[in-house]
Structures are given as structure tokens and as C-alpha cells.
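One chain follows as C-alpha cells, the form predicted alone.
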């Protein structure tokens, strides 16, 4: 009990320095939490990818289309359960700041392949019957106050013109990681319009989504699909949905890697801040440690006092930092477009890293002061005047 009292008294001896150290650690932990949340949010699409879905795209680049005629051939590959497709539409809704995915899809079976988009049965049936209808995510409906039967008007860019779609369905995300900021409409409606106005761009789709029976056969099925179109004018590259999502992330890998690196550099900064405080405290208390030794305090007692103070400061700083990180992240999530980060919240791994780092830093920051206190002779310590 006496050791604990000494730890608390030593921690509060220089109140301003202790408060500033805790404040510095808290700020660093908040910065660490924000950066790590951005990194985990960026990779959330990969972790949410389905193991039994493959993506078939143009081998040269995702931006090049594939012929609609590939659909029947892919369907006949052994192990394939269902095949659907989608096409990136782009366009602008109200203004360019309103970003969310707008896809022309195979209305007949797209939601059979993507079970995570939960559309009420009656709404889905109505959507399938109307060529100019669309299904939107619940977050879009909430953000723009859109109801069933409302008309959404898009100004086309990739596909020029003014496009009007009647909202016939609003899907709910099945999982927390499911993006509820997407819009889907009939590919056939887009294709028919292109046949009239831009015949050269008709009959193409962006990519195929292949639902397979056994995820363990994904590599074999991918090879079979690509072999079908080898040496054709539009060769394919088939990969798992996770690998496909990873490909998008790779385009920003340098930025994400830098953020990941900086988040751990912040841990080093916390260590320097706390280490500096502990070294200053140990230097000031050199004579006190010498007196404690003469009173019979062992090396273990001194190490416990110094380690306890270091851990107390680091844990308080880490705790305060985490306490403020949650509302800050929640505030950021209100302004970050859901179409970019469907899930933007602190992951458990971030909390674990922050807590474990605070404990490790508390231990490491105390090592030099402990070594100094134990190695200083009693006579030298009593004579110390610094």
C-alpha cells in the first residue's frame, strides 16, 4: 500500500508537467486512432468480399468493356452457379459532390447474386417490370429524403444526356460492412438508349459477377473462364471478389502505406514524450532514491515505484485519448461520403493496439530511469545536487 501511495504522490508532484504529458499522449492516441480508422475503413471492402463470387473483367484494364455475348459461355462453365453483370454509369446527381456508385445491372438476377442487398420482395418485382426504375440504398434515401415513387435525375458524363429513374426499391444492408450508398438500374434500359443514340457503345457490359458453388474451386474456374476468351479481341482476367477489391486499393497503396507508417511513428512520439518526463523525474529524485535505499527499500521497490508512475501516466493518457477518439471518429463519419467509406468506425484491433501500445510504452519509458536509480550508489545519490 505504501508503494501505491508513493506512486500516486510522485505522479502528482509536478501537476502541470504530468497534465501536459497526459495531454500529449492523449493527442497522439487520438491521431493514431484516426489514422488507423482510415486505414481499416479503406480495407473494409476487401474484408466484406464474398468468397464464392468471382469478377470477370477485361484483362488490359477494368475501364474497358466486355461483350454481352460472353454471358452464355461463362454460364456453361462447370462449377458456376449463376452469372450477372454490371456497368459503371457515373453521372451527377444534383451536384458533383454527391458521390455514390451508380450501376447499370442485370435486373433479373443481380440481387440473387448479391444477397447482402436486401430488397423487399414486392419492391423487387416492381423494379424488374419497369425499365426506367431503380433501386437505391437506404443511406441514399435517408440523406436526400427520397421515397418510393420519386424520380431521380442524373446528368450523364460517360453516357451523355439527362436520365430519369423512378425509385421502385430501397435496399437495406444485410451486414454492417455492406455499402448502403449505391444505386442500381436496368442495363437493358441503358443499352436500348445507346442503340438509338450511340450504336457503337451498345452491347457491352463493364464486368461479370460469377457466383460459384465451391470457393475452393475459384482458381480452377477462373482459369477455365479466361481460357474461353484467350486470343480474342477482349481477353478476360477472372479473380476473386477480394482480389478485385484489392486492385482498387492498390492504386492508392502508397498513401495508405504512408498513413499506416505514420500511425506507428506516432507510437514512437508517445514514447519520447513519456520517456522525457520519466527521465526528468528520475534525475530530480536521485537523492530521494538514495535515501529510500538507506531506509531498506530494495531494488524491486524502486523499480516498482518508477514503473508504476510511468504506467499510470501512459494508461491515463491512452485512456483519455481513446475516450475522445470515439466521438471524434463519429463526428468525422457524418461528413465523410458513405460512397467512399461505407464503414467508418473504430475497429477493435485499433483499440487493442492503442491499449497495448500504452502499456508497452509505459514499461519501456521506465527502463532508463530504473537502471539509473538502481546503478547509482547511495553515497553518490546523496551527494547529487542536480
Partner chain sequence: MSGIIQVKNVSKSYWRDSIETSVLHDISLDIKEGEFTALMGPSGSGKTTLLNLISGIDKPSKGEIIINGADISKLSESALAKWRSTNIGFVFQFYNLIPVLTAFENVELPILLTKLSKAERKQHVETALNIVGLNDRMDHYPKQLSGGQEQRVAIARAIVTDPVILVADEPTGDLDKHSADEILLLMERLNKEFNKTIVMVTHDPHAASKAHVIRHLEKGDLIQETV
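Given the structure is predicted, the values throughout are model-derived calculations rather than measurements. Throughout, rigid core stands for the largest set of C-alpha atoms superposing within 1.5 Å between the two forms. Numbering follows the first chain given and starts at 1.
Keep in mind that the form predicted in complex with the partner chain is not shown, yet the notes after this line are about it.
Chemist: Can you pick the one in 143, 131, 287, 81 that has a heavy atom within 4.5 Å of the partner chain in the model of the complex?
Modeler: Contact with the partner chain in the model of the complex is made by 287 alone.
Chemist: Of 213, 232, 257, 294, which one comes within 4.5 Å of the partner chain in the model of the complex, counting heavy atoms only?
Modeler: The option sitting close enough to the partner is 294.
Chemist: Pick the stretch from 68-76, 294-302, 155-163, 220-228 whose residues have a heavy atom within 4.5 Å of the partner chain in the model of the complex.
Modeler: That would be 294-302.
Chemist: Just to confirm, residue 19 within 4.5 Å of the partner chain in the model of the complex by heavy atoms?
Modeler: No, residue 19 stays farther than 4.5 Å from the partner chain in the model of the complex.
Chemist: With the partner absent here, would 5, 9 and 379 each sit within 4.5 Å of the partner chain in the model of the complex, counting heavy atoms only?
Modeler: So, yes: the whole triplet contacts the partner chain.
Chemist: Verify the C-alpha shift of residue 287 between the shown form and the other one: is it 2 Å or more after superposing the core?
Modeler: Residue 287 C-alpha, core-superposed: shift of 2 Å or more.
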